[in-house]
Structure formats: C-alpha cells, structure tokens
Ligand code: GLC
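Next comes just one chain, in structure tokens: the form predicted on its own.
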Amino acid sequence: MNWSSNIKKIFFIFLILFFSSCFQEKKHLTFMVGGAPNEVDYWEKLIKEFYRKTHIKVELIRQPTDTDQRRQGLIIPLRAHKSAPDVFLMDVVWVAQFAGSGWLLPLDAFIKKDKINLGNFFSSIINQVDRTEQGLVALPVYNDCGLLYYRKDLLDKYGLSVPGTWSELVTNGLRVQTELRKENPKFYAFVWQGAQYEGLVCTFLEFATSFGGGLLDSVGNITIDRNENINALKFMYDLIHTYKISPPNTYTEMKEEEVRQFFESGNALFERNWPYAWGMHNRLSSPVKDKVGVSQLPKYPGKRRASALGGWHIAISKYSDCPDKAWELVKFIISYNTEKALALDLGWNPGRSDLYDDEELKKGIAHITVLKRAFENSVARPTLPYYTGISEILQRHLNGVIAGREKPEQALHDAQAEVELVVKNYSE
C-alpha cells in the first residue's frame, strides 16, 4: 500500500516536471510596438524573419497608433514589474522618464560582448538621449527632426534662393507673398506648428537654439529665461503679427497635419514639418507634387542650425526574464540590414548614421544628405524624468505669447519659475 502510494507520488512529480519543462520550452519573447496598421504588420514580418534566423519565438503585442496611449500601455506593466514586454520602442522623450524610474536594462555589457560599433550611430543622438546615469539604456531605430520645405517652382520663378537665415526667409517670403496675394488672398509665406501642444515646444526649441539659446545650459541646467530665447520668441510672434507671413490661426490650429495640408493646398511658400511630409507632398494626388524642395531650417547669422529631435528608440525591460534573448532581438532590429529594410519599405529614417551613405538609399531618398546634416544638428528636448511637466508649462506660456496674451520677457520669466518648482518638487 505504501509502495503504491509512493509510485503515485513519483508519477505526480514526474508530471509536474514534464509540464513545467514544456511550459519553459514554450517561453517566448514579447515585443510591444504600435503605429500605423501597415507598420505593425511589417513588424510581424520582421519577427518571422528573426525566428527563421535564430529560432527564438517572439510574440508581438500590438499597441494603438496614438503616442500617448502607447506610452500609457508601457507604463502600466513596467510599473507593475511584469516580465512582458521584454522589448519595446520608446519615443525619445520617454527614455529619461523610463530610465529614471529604473525600468530599463543597461545595454553596455551586451554592446561590449558583441563588439557593437556605436560609431555607426549619430553620436549626438546617442549622447543626448540614450546615455543616462544608469548607462546606455536604449538605441535609435528611427530618427525624426524638423525640416524646411519650400516651393522650388516659386523660388525659381522670382529668382530667389533657399533661405539660410531667418531674415532671408522673411525677405523672400514677403516678396512672393506680395505677388501671389494679388490673385490668392489666402497665400502665406510660412506655416509652422504653433498650437498649444508638444509640437510648439519642438518649434520653439529650433528657433531658440538657432538664435543661440535653448532650454538647457552647457552643464544641463534648465535655462528658459535668457535673452536669446526671448529674442527667438519675439521673432515667432512677429512672423504672425508684425511681418504677417504666418496665418493668424497658427496659434489656434496649426499642428503637423494642419500645416502640411495648408502647404499642400498651394497656399504657402515655406513649411516647417517633419520628414513624413515629404512622401505626402509627392504622392500622385498631391497638388504640389514635384514642386517641393527640402532643406535644413534657417538660423540667426553667426549661430547654428537646429532641428528638434524626434524618433523611436528600442530598449529591454529591466524585468525581462530572458534578457539574453531580448538582446538578440534588439541586435537584429538595430542591424544594418533591418534598419535599411525599414527605410526602403516603410520610409523610416534610419537610426544608424552609416546607412545615410548607402548607395541604394541615396537613390531611393532624394533628400538623404539633407536628413543626415539635420540629424547631425539635431537638438533633443530635455531628457529629464519630469519633462512632461516642463512641456506643459512651456506650451501654455509660448502659446500665450504668440497669441498676444503674454509678453515674451514675462512669459519666459514665469515659465522659468514654474519649472524650477517642478524640479524642486521632483527632487524632494
């Protein structure tokens, strides 16, 4: 009787071990990613290719297109210390918050072990975004930045050049606007993002940096209230109210798509927008197809050009229960071939700098040299865990100025004081 009981116990233990083993064999990576439906479908294709090469199974956790929803969808499992997702993409402005919360696994040991050459990436982007107090916590997959689009047919018609400075943009803009207003009263020289949202902070960062200012000083302190920034903000106000080359609804309605559609309708000479607009302007149904050129944004004489940095970076969760396999997926995604495929098939701007010298990409992306220079001159928004609070303060005051509700000097003084309070509260 005892012998039979023991046999049953042994058999039961065997079953537990057997099914436990099966479960472990079924363990797979999870990769959380969102975006447009065609982009998520493409990720499905890539992880199948990854499986064929490595025999590592990956479950794709689909996220929505909306960026805020994607961010929240990541924060919930990370805050709960869940093992899934193992790998995920982050907007550049999330990296500091996620790293500061201790959610990201440092990649330095993996980089060293596999001798990954970080020189194949834009060093300015790596240093501004991915290097934190915790180490190297992410790597760029897709880069984004602000660009100047222009109607090359109109510049040629009036014998004008692409502006290298902001004063040239105003002068050339007024010349064309004056002529075209005779037949088209809706025509404006320059459209840009001025509504009260994150895009306004990006636009201001470009103006401010190109005027010699910016949001941080040389040692990383937040310095909103300084003369260069005040002058840049005055100029933004003047574009609408003094020179009147930007439409009055700049501060009420103008976001990326509103700006793109306005320019694409034929009612603007210059447009500040992200690289995605190039493909939209040159699709078959576009009224401005083959009439558009693209350049870096202008600057103040003697200062530097600047493009606000955007894009998506890849990271591994600190709570992943299979970090070595997760790294294999990261390594596959940041590889030359995968990022090239993303560029050719989705039109993504590679995170790798060496791809901007690829002959096939040069033939396929006419403005790739412009993109490379713009990324070399890119400026990241403050990589701070409490950046969201800073952005909300800036959005409110910047929009107040260009709408005429606030004066530049007082607005930036007040913004500085409010931001310092955010920093103090976070530190405590």
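Here, rigid core means the biggest group of C-alpha atoms that superpose within 1.5 Å across both forms. The numbering used is simple: start at 1 and walk along the sequence shown. Keep in mind that what you see is a predicted model, and the values were worked out from it rather than measured.
Although not depicted, the form predicted together with the ligand is the subject of the following passage.
- Contact between Pro247 and the ligand in the predicted complex is not found at the 4.5 Å heavy atom cutoff.
- Looking at Thr67, you'd find a heavy atom of it within 4.5 angstroms of the ligand in the predicted complex.
- Within this chain, Asp144 lines the site of the ligand in the predicted complex, having a heavy atom no more than 4.5 Å away.
- Among heavy atoms of Glu258, none comes within 4.5 Å of the ligand in the predicted complex.
- Only one of Tyr149, Tyr188, Trp312, Phe122 comes within 4.5 Å of the ligand in the predicted complex through a heavy atom, and that residue is Trp312.
- Checking Val137, Val176, Cys202, Leu74 against the ligand in the predicted complex, a heavy atom within 4.5 Å turns up for just one residue: Cys202.
- The candidate stretches are 229 to 237, 354 to 362, 87 to 95, 337 to 345, and the one lying within 4.5 Å of the ligand in the predicted complex by heavy atoms is 87 to 95.
- Residues are counted as partner-facing when one of their heavy atoms sits within 4.5 Å of the ligand in the predicted complex; in 374 to 392 only Arg381 qualifies.
- With the core held fixed between the shown form and the other one, Pro64 has its Cα displaced by at least 2 Å.
- Here Lys299 does not count as shifted, since its C-alpha moves by less than 2 Å between the shown form and the other one after the core is aligned.
- The pair Tyr276 and Gly35 is at least 3 angstroms closer at the CA level in the predicted complex than in the present model.
- Panel note: the distance between the CA atoms of Asp68 and Phe207 is smaller in the predicted complex than in this form, the difference being 3 Å or more.
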